[in-house]
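A single chain, nothing else alongside it, follows as structure tokens in the form predicted on its own.
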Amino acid sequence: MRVDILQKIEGEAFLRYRFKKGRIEHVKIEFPHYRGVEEIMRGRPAEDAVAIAPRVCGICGHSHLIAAAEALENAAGVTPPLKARYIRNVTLGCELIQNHIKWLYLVILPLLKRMGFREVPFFEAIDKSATAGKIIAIFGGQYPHTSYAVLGGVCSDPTLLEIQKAKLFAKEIEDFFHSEVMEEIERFSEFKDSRGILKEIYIFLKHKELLDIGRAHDRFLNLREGTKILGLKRVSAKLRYVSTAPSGIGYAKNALYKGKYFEVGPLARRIHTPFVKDLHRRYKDGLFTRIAARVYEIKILLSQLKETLKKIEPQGDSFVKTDSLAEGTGEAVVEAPRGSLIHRVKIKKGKIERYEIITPTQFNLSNGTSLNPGPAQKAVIGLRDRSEAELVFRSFDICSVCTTH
């Protein structure tokens, strides 16, 4: 048994490798820390959820905020105004954009550099990631840990000048992305003649014969869309079939759908776009397909950001006034940077009686058995090199504090 400590994941995780004939036969995944946010919620006023939930994580706290607000709205039977929904879509999309850029430049590229890839300056990339945070702050007052989304809408009335400023920031990010990361393309046939960091990664991994390592179960969940994908076949999925179970080690819980392990995240969300579909046909749910899907999602998010910003009008209500939430049960799912994020809440006499959070890393890094491994466990089985295994693990973008919330 060899133990690695996986750090820089908003905490740590222990990887307990078992080798057989020089190859990884199995790995146990332990998240050793506990934070107890769900316990902190109990007994507090229902509306406190939107103040506490963003503190679950310093990376995707905004996703937790939106999930908390929507869970309360589901319990209250309230639909926020269209303007509020547009603003939430803008800010949530920006959280994904800034997270994806940081993951590529501060996680994936440094790992590739250890394996011989060229050194890539990251200052401009991180500046553009921060610019996405500035867009969130325009509408949310600050970033991270904003609490501007409330039961019934948002506490935000942007002016035309602020909306225009957000559009200019979005253009800055888009210009950087298409000049440095990935050119404007739709299919893999165009990608072969393109330029950018993603193309360089492709050439490097192809040379190293690593393009299709890291295959998991080839089954995915996009719970916001309400679909599960088996290979490329898409069928409906229901939140009621999502459950959790003790992982058997550490403080994390495994997340399952109908008792099976599924992968969530950008690959699940974008597998039916032409570019990602082309990659999946060639390399299935391997390492490069997973990396490319997340990078390609930035392109899609930037396009959606531009269109949504055009729709926001200063006129109109930002929220609907509602009575205090006294009784109710609600749930919501948000597509966070790493995948489907679920919040479930039960309110009794105006207080939170039960609060449950199921995070993407609980799906992707479930600690299964050698006969029934979780997605990330399955993805590293058969590898010889633990540095390659770490690269595969981090292609899922692990978060410890979200997992043990």
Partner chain sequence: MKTKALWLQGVSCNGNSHSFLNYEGLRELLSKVEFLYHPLLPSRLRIEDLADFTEDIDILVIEGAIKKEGFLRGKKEFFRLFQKLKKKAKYIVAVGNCASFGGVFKEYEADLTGVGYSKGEKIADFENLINVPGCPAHPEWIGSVLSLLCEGCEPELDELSRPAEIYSYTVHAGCLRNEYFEWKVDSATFGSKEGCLFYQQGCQAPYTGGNCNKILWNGVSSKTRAGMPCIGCTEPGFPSRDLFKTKTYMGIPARMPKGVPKRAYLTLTGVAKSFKIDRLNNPLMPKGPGCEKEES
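Quantities reported herein were computed from a predicted structural model and do not represent experimental measurements. Residue numbers count along the first chain shown, from 1.
Omitted here: the form predicted in complex with its partner chain. The next part is about that form.
J.: Could you tell me if all three of Leu106, Ser147 and Lys311 have a heavy atom no more than 4.5 Å from its partner chain in the model of the complex?
T.: Answer is yes for this spot.
J.: Quick one: from Phe177, Tyr296, Tyr143, Phe220, grab the residue that has a heavy atom within 4.5 Å of its partner chain in the model of the complex.
T.: Looking at Phe177, Tyr296, Tyr143, Phe220 one by one, just Tyr143 meets the 4.5 Å heavy-atom criterion.
J.: Counting any non-hydrogen atom inside 4.5 Å, which residue from Lys83, His280, His100, Lys228 sits next to its partner chain in the model of the complex?
T.: Looking at Lys83, His280, His100, Lys228 one by one, just Lys83 meets the 4.5 Å heavy-atom criterion.
J.: Heavy atoms, 4.5 Å, its partner chain in the model of the complex: which of 242-250, 319-327, 268-276, 181-189 makes the cut? Say which one.
T.: Stretch with heavy atoms near the partner: 319-327.
J.: Could you confirm whether Cys57 comes within 4.5 Å of its partner chain in the model of the complex, counting heavy atoms only?
T.: Contact check for Cys57: yes, within 4.5 Å of its partner chain in the model of the complex.
J.: Decide whether Glu124 counts as a contact residue for its partner chain in the model of the complex under a heavy atom distance cut-off of 4.5 Å.
T.: Heavy-atom contact with its partner chain at 4.5 Å: present for Glu124.
J.: Even though the partner isn't displayed, in the model of the complex is Lys134 close enough to its partner chain, meaning a heavy atom within 4.5 Å?
T.: Although its partner chain is absent here, Lys134 would touch it in the model of the complex, with heavy atoms inside 4.5 Å.
J.: Report yes if any heavy atom of Glu388 sits within 4.5 Å of a heavy atom of its partner chain in the model of the complex; otherwise report no.
T.: Because no heavy atom of Glu388 falls inside 4.5 Å of its partner chain in the model of the complex, the answer is no.
J.: May I ask you to list the residues of 156-178 that have any heavy atom within 4.5 angstroms of its partner chain in the model of the complex, in sequence order?
T.: Going through 156-178 in order - heavy atoms within 4.5 Å of its partner chain in the model of the complex - the hits are Ser156, Asp157, Pro158, Thr159, Leu160, Lys165, Phe169.
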